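The chain below stands alone, shown as structure tokens; this is the form predicted on its own.
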């Protein structure tokens, strides 16, 4: 979808469909809609009254006026307007226009009470995220597609802020779309080697630094935990290190770590058939990191960012690790394997050690589809957040709220550390049934050391089984926009 900015009144813009917003508590039609209504002899108001359109948030209707389709989206009460309301309204409105056959859609910068930049960003994010489709494997592609979105802002005084918001919205949405594309791709076509190739191409296109470590190089570094997971697969593991360095003085150095298990069978502790069905999404954390790294050159935050991914499959074979085996992480910590299906924390352990010793960041954030326990605790719409630094946790919670992605902090209860004690090693990779999400976080905390660190467990919201306001069934790209909002600010 091409994005253009138009400085005209909405009713004067050439387009197949117009998208306009309406507050639930408005006593009269807003200015642009009122002018359209007058041009049609009051037809629009009559239709809205006849349909009992209450302008509740997410409500959508449409009518034909002056030879064009007009889509009206509800914004809810004026006092409750938020960026997420606008994102969802834009998504619903542009989807309706698309379904009506419109190829060129014009939308006003919806809402008030927020800045012009915030509103323009929300409009573009919502339009792009809400119309995302993954059609790589379909013979027949969708015929109804919006080719251009015209963002309408008649006030020239707000032109610069609107342009900045449009740019940010497009950057955020396209980063999330890249993550969705990668996650939706079947594991057959997205091996660790493919993921490394994607990172290399991304680095070339965006002028990022890149380093890809193979099995031998990882072995020299002592990444036995990561390589232990990779031992059962015919696909060679790859450790990916992308670097974004800002122009001028950097404020801090951040390491982003994404879990990159491109397919998780469970290993010798094999998953059930149903449990394995969507395990192509076990690299959603890695996909989020790649989406973020793609966006950073356009956003130009004054932060040095290192994207780290330990990419592998977790497969059963004669060479796979066994329950009871002991692996040694890069920092020397020994780990007894209590369950081969608790593999993500093993790959992340070595990635955390690498970050601490080779990147030496001011803070670390890892993103991972780590535990089913987090899905049980928080459901399919909420990210679990754990951290050893409350200031970092607070900043991430604020960024999640700004991005419209739900984060909920879980406590790292130190007493639970005894749950993953081992009789033969320093740690066991499983902590039993109780507090599974928290014990996984505590396990990772062991490898972050004293560096401020936060863990985002995205196992629930990484993949949706039904259409959501901003995502169709499939991968969501969760975490991308939260971390971009954090880094950009």
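Positions refer to the first chain, counted from 1. It should be emphasised that the depicted structure is a prediction, and the values quoted were computed from it without experimental measurement.
Same protein, other form: the form predicted together with a small molecule, not shown, and the subject of what follows.
Residue contact check for residue 262: none of its heavy atoms lie within 4.5 Å of the small molecule in the predicted complex. Using a 4.5 Å cutoff between non-hydrogen atoms, residue 152 does not count as a contact of the small molecule in the predicted complex. In the predicted complex, the small molecule sits within 4.5 Å of a heavy atom belonging to residue 373.
With a 4.5 Å cutoff on heavy atoms, residue 271 counts as touching the small molecule in the predicted complex. Of the candidates 170, 224, 341, 304, 341 is the one whose heavy atoms come within 4.5 Å of the small molecule in the predicted complex; the others do not. Shown without its partner, this chain lists 279, 320, 412, 178 as candidates; in the predicted complex, only 279 has a non-hydrogen atom within 4.5 angstroms of the small molecule. Exactly one of the stretches 155 to 163, 365 to 373, 236 to 244, 296 to 304 approaches the small molecule in the predicted complex with heavy atoms within 4.5 Å, and it is 365 to 373.
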